[in-house]
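First, one chain by itself in structure tokens, the form predicted alone.
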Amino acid sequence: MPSNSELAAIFNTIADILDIQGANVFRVRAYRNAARVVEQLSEPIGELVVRDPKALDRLPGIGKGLHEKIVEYCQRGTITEYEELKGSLPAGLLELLNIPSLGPKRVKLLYETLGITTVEALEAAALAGQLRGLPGMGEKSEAKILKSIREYRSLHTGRVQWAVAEAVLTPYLAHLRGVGGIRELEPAGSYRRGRETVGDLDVLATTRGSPADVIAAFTEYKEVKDVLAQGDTKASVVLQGGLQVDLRVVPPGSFGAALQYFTGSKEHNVALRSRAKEYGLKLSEYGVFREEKMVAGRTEEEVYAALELPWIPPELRENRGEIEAAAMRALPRLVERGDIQGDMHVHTTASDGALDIRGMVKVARARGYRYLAITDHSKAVAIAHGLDEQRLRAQIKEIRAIRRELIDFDLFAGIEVDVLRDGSLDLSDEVLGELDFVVASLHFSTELSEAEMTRRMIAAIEHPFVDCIAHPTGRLIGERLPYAVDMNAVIEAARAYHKALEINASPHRLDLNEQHADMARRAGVPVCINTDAHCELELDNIRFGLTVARRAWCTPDDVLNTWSAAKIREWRARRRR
């Protein structure tokens, strides 16, 4: 069965190989854009092609050539160009591109001069001092490469991004729901708790018919690579992408207890079992028992009620005080999708987005938003066609003209301004002062020491025209470690200067992470859940950022973009006064 994540990986690999071969930069970028678009589709690519092949042409950046390759993948399970390009390089060479300090040119140099094709060979050559004689490389380069190899290994833990797991699990569950007699079917584990990465997947089911039918459908799914175990009520498989999925078919009367148990976390369950013992009860995946009699188990609500607790949202089940808060009826009302009134960080065709201002307004309104901030890149990000003062002023004028046409919708003129090496901003105060919302971020010179990076970020926070710091640590999950920055100091500065910190909802970023978002919430610093969207589909990433906020115990009051547009404008005005 065609997989969005697998196709995205193929497109990214094609881009990597073309990059090594020195192909045209626009061709490389086209494949990377296609990978991003495909991976974030809400509908399985195979179903989309069958339902409406012309829909591919409406996806941003998908032209005729990419359209044909997507169709070929859906029909054959691979792409001819991909197979040919893969065969043109040694198998291990592509992995070297994952080392942060290496680019295509260096990978090619290492291969052609030293025959290096694996990370292990690269490490051995660096330890032996064999790299320092190569053009443009010395002892410092060797040390940097060794450091990057250590970082690479720390990033590649065998876990996948939550969004990748979702893309794999959604069609799998749809397949299982087609089995006659299925009553309930729910994912559990860290996936249900909304952790940012997932190691494997747990699924629970109840059925009116024979469990054997569900087990058979589970193991015969087209994406199954290996069947690890198969019994009367349990099965375990490994999918083509490497994810392990475990299925348990349980009696309807135990479904709630099993769902609670297998959702976890382990720490939450241990604390809950301890509470059950205090009440003279026994809690397990089969139910809540008083001696031999089951007193609860059909639903999770029943299970928690038997322990004199309200139902606890899965995102909070980490034994971080949620049981104590529940016992005191003090659980927060966590922020939800319906609370979000707008997105304060999106891009348009003025920089590197796929839609113009009116297009972004249209798709934001279609999602029920009441406002939107247009925040294209500033001039330092030349590769994204960032705006200088003259172009930004023209955009401000355009935004204000469009705003006058809108009814029941507010449009903020903004910018994603770059924080330079010394902490200054790459646009003048004069033009920044004309804007309605200023997001500041770091894209370059990220190798500075923790002290330097922290001073730089705090300088941006102190700037009177900055409202929010975007993706504050710069991490990319599984790809790039966070910047060296003291987040305690950053959060304290944001509190002192009444600034917001972003939870960037891109599934590749989720930055702030849940720990930093929790720290900000406790400090009284508003978080702003933004998508950093460059196309329509990326606006839907808001759900990933919401999960981070919920795991950080955030209520609607803690999230800036649950406020009305008028309240945001008043917050800015009050701060400036």
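Position 1 is the first residue in the sequence shown; the rest follow in order. A quick note: this is a predicted structure, and the numbers were derived from the prediction, not measured.
Omitted from view is the form predicted together with a small molecule, to which the following refers.
Novice: Name the residue from Glu492, Asp426, Glu95, Asp200 that puts a heavy atom within 4.5 Å of the small molecule in the model of the complex.
Specialist: Exactly one residue meets the criterion: Asp200.
Novice: Tell me, out of Ser236, Ser148, Ser265, Thr117, which residue has a non-hydrogen atom within 4.5 angstroms of the small molecule in the model of the complex.
Specialist: Residue within 4.5 Å of the partner: Ser265.
Novice: Would His345 show up as a contact with the small molecule in the model of the complex if we use heavy atoms at 4.5 Å?
Specialist: So His345 does not count as contacting the small molecule.
Novice: Considering only heavy atoms, tell me if Lys499 and the small molecule come within 4.5 Å of each other in the model of the complex.
Specialist: Result no; Lys499 lies far from the small molecule in the model of the complex.
Novice: Is Arg273 a contact residue for the small molecule in the model of the complex, using a 4.5 Å heavy atom cut-off?
Specialist: Yes, contact at 4.5 Å.
Novice: Please determine whether Phe437 contacts the small molecule in the model of the complex, using a 4.5 Å cut-off between heavy atoms.
Specialist: Because no heavy atom of Phe437 falls inside 4.5 Å of the small molecule in the model of the complex, the answer is no.
Novice: Counting any heavy atom within 4.5 Å as contact, can you tell me which stretch out of 478 to 486, 107 to 115, 378 to 386, 190 to 198 lines the small molecule in the model of the complex?
Specialist: Of the options given, it is 190 to 198.
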